[in-house]
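One chain follows as structure tokens, the form predicted alone.
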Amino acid sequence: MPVNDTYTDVLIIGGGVVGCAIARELSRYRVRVALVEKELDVGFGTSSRNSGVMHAGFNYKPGSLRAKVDVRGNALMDDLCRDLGLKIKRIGKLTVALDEADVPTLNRLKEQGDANGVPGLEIIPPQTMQKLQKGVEGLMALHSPSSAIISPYALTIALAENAAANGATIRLGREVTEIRRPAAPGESFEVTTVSAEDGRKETFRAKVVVNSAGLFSDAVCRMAGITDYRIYPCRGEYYVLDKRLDGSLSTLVYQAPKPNAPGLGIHLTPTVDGNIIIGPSAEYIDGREDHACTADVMAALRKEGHDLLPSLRMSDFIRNFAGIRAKQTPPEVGGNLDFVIEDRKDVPGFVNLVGIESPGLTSAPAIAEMVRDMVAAHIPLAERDDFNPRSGRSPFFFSELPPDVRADMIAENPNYGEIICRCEQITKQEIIDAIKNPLGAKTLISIKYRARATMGRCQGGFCLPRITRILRDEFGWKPENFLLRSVRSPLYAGHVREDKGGDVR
């Protein structure tokens, strides 16, 4: 099979939130930037399967990379979300001491946070805790006002689409299979990719390669001849609660973390779109893409949810999902190692990111700045005069706009007057805009992450047939075109009947 060659200055491997943030940051400069992602859209891995929390930075050892990029990334988020048209809510966080054994932990976290430069940290008594979140119990809590929530998949998509709008090349459905290091100084890396859709090969020739492959970063290292690292996948399972409970939580509430725990424990997290999430659990697993939800963990999450929010009903649990952390520590060790963000001296031009788990979402824009400076050591970076940091999109869905604005939009475009997703009140035009996304992503999950269709209480029971009809009638899709998330997940095998007018059903 013939191999196409693509020449670029910088090749980023991995379309998670960090890789997309790097692509956007480098698109500010007069360099050729390409990003390859093995899935059919960006953010299909860990970047979309988490709590969506912007961490403040007090959980990490002073002087560590995790602390540095978390605090910096948190500080960058308000301007970034404004430019990209995203919601961010600075609702703060309570880390609660449930008993006397947790009190030293709170004191240690505050000392760490103060050393890291986290603003506004304060240990508060129960009466102050109650003012911030009614019903929360504990001896005391560490309050971090800079903690926030955001949509993780919306951020990842917005970063990628803005990078593409500024000239970056985004190649979806392209898995890296081989990396050839430069044979001599001044020569390029040769990175071979294979298309998930048709098996065609494409070789990228790049002066700098950035390994941002997340759970597969150690595999990419080995392709480049680096054997220093191993990733241990650790799965966290979640429940999603109905929007009936919107407003039940006014701040983030976490229990004080336990020593050597692989995560920060199970908690309730409000989302920017009105749902509440329960989780995550933490379980080391063998498969790096095993996103199964298990009966035992789901039962434990339901119990935990009832304990934390007694008003919960069984009917409030509308969906579950799982995400996987890219941990560098094996199960028998637990805990966490620092992020690896390095410009390899033994492989010049190979910028290596390994073990970027939590707080990777918060840290993404700060990591992008670090990588930019590493790239600049190999390629001159001249700023572009025409870089546009703004996406031009509104952070609000149509249903969230004022009535007079909605009326004007319907008068101008009747598609805004037709509801496709009843639960989330998503209109036909919003579905069409999601289908016509700048990256060309064409899976149902791609539409879901852009328009929130199928995310409501009925989980697609009402809107999926209507989305199917739009794709068939207005975009000419055939049954084999309909994919849930990959070429391995077709939605339809064909038609079941043909009506008298020749239309297929």
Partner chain sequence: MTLAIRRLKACVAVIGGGPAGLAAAVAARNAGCGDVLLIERDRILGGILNQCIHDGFGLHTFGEALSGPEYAGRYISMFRERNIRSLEDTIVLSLAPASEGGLEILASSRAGLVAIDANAVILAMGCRERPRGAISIPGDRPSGVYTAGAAQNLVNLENIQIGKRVCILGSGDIGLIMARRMTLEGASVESVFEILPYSSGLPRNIQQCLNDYNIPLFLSTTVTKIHGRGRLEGVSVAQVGADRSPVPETERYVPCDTLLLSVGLIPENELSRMCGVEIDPVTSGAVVDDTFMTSVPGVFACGNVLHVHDLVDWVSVEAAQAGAFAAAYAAGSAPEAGIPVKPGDGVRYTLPQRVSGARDCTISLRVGAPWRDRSIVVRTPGSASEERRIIKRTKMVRLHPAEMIRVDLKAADFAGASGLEVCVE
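Numbering follows the first chain given and starts at 1. As the structure is a computational prediction, the values presented were derived from the model and not from experiment.
One more form of this protein exists, namely the form predicted in complex with its partner chain; it is left out here, but the text below deals with it.
J.: Can you tell me if Ala219 lies within 4.5 angstroms of its partner chain in the predicted bound form, counting non-hydrogen atoms only?
T.: So Ala219 does not count as contacting its partner chain.
J.: In the predicted bound form, does Lys38 come within 4.5 Å of its partner chain, counting heavy atoms only?
T.: Taking the distances in the predicted bound form, the answer for Lys38 is no, it never comes within 4.5 Å of its partner chain.
J.: So in the predicted bound form, does any heavy atom of Pro403 sit within 4.5 Å of its partner chain?
T.: Yes, Pro403 sits close enough to its partner chain in the predicted bound form that at least one of its heavy atoms falls within 4.5 Å.
J.: Does its partner chain get within 4.5 angstroms of any non-hydrogen atom of Ala322 in the predicted bound form?
T.: Residue-level check for Ala322: yes, a contact with its partner chain.
J.: Just one of Lys201, Lys110, Arg302, Arg372 has a heavy atom within 4.5 Å of its partner chain in the predicted bound form. Which one?
T.: Result of the distance check: Arg302.
J.: Could you spot which one of Thr105, Thr128, Ser250, Thr294 gets a heavy atom to within 4.5 Å of its partner chain in the predicted bound form?
T.: So the residue touching its partner chain in the predicted bound form, by this definition, is Thr294.
J.: In the predicted bound form, do Phe317, Cys458 and Arg469 all put a heavy atom within 4.5 Å of its partner chain?
T.: Judged in the predicted bound form, Phe317, Cys458 and Arg469 all sit within 4.5 Å of its partner chain.
J.: Heavy atoms within 4.5 Å of its partner chain in the predicted bound form: which of the stretches 434-442, 66-74, 469-477, 50-58 has them?
T.: Only one stretch qualifies here: 469-477.
J.: Even though the chain is shown alone, can you say which residues of 121-147 have a heavy atom within 4.5 Å of its partner chain in the predicted bound form?
T.: Read in sequence order, no residue approaches its partner chain (within 4.5 Å, in the predicted bound form).
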